[in-house]
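In structure tokens, the next block holds one chain alone, the form predicted alone.
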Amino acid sequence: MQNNFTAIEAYFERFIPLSDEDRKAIRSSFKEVRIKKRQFVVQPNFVAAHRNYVVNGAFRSYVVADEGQEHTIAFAIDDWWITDYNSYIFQKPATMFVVALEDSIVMQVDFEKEKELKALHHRFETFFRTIAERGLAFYQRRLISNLTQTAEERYNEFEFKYPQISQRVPQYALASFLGMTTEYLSKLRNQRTRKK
């Protein structure tokens, strides 16, 4: 357990300095949770209770369209965060699923504890603002690539930037994230393998 608190403290320290009091505040605000593969941490119509920092494991967030098709919104692996942010931030019912793709360990903070942390010291406010800004920039890049790149270009860019995710998530989920069929993704992967 000690190591998992150390992991999240190290993440905080990338963005803000931590005093001993800050570390105590983090340890009293976050809790370690073990999540089994295929277990949901967020489901539609329920408020997303937590923001999840992935110590180790893999997660996928997705929505289901009216016709039943799944659309992958995000992945999170070791050292990433995941939740239904719209639900968590506004404390409204979720519209997406967040499911574990592997047995995972997360450090969870709930909405009220996060508010208490932010009120405790402006450093925590700075931390959460910084990770929110980084998340917003990531989603903007993704939106632009979806609008301006071909499916093959999106795949090549993802493989270049996030090879560790590509190896750990199911092919159908990656295809859905990249906006292509599983068959087309398989074809692109086979072409890549032949070129090596």
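Numbering starts at 1 and runs along the sequence shown. On a predicted model such as this, the values are computed, not experimentally measured, just so you know.
Separately, the form predicted in complex with another copy of the chain exists; it is not shown, and the next lines address it.
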Looking at the partner-bound form in the predicted complex, is E133 within 4.5 Å of another copy of the chain by any heavy atom?
yes
Is F128 close enough to touch another copy of the chain in the predicted complex, meaning at least one heavy atom pair within 4.5 Å?
yes
Closest heavy atom of F46 to another copy of the chain in the predicted complex, within 4.5 Å or not?
no
Considering only heavy atoms, tell me if V63 and another copy of the chain come within 4.5 Å of each other in the predicted complex.
yes
Just one of S28, N156, N146, Q171 has a heavy atom within 4.5 angstroms of another copy of the chain in the predicted complex, so which one?
N146
The listed residue (Q167, Q39, N56, Q140) that reaches within 4.5 Å of another copy of the chain in the predicted complex by any heavy atom is Q140
Indicate whether the candidate residues H50, D103 and Q108 are all in contact with another copy of the chain in the predicted complex, with contact defined as any heavy atom within 4.5 Å.
no
Near another copy of the chain in the predicted complex, with a heavy atom at 4.5 Å or closer, the residues from 106-123 are E114, K118, A119, H121, H122
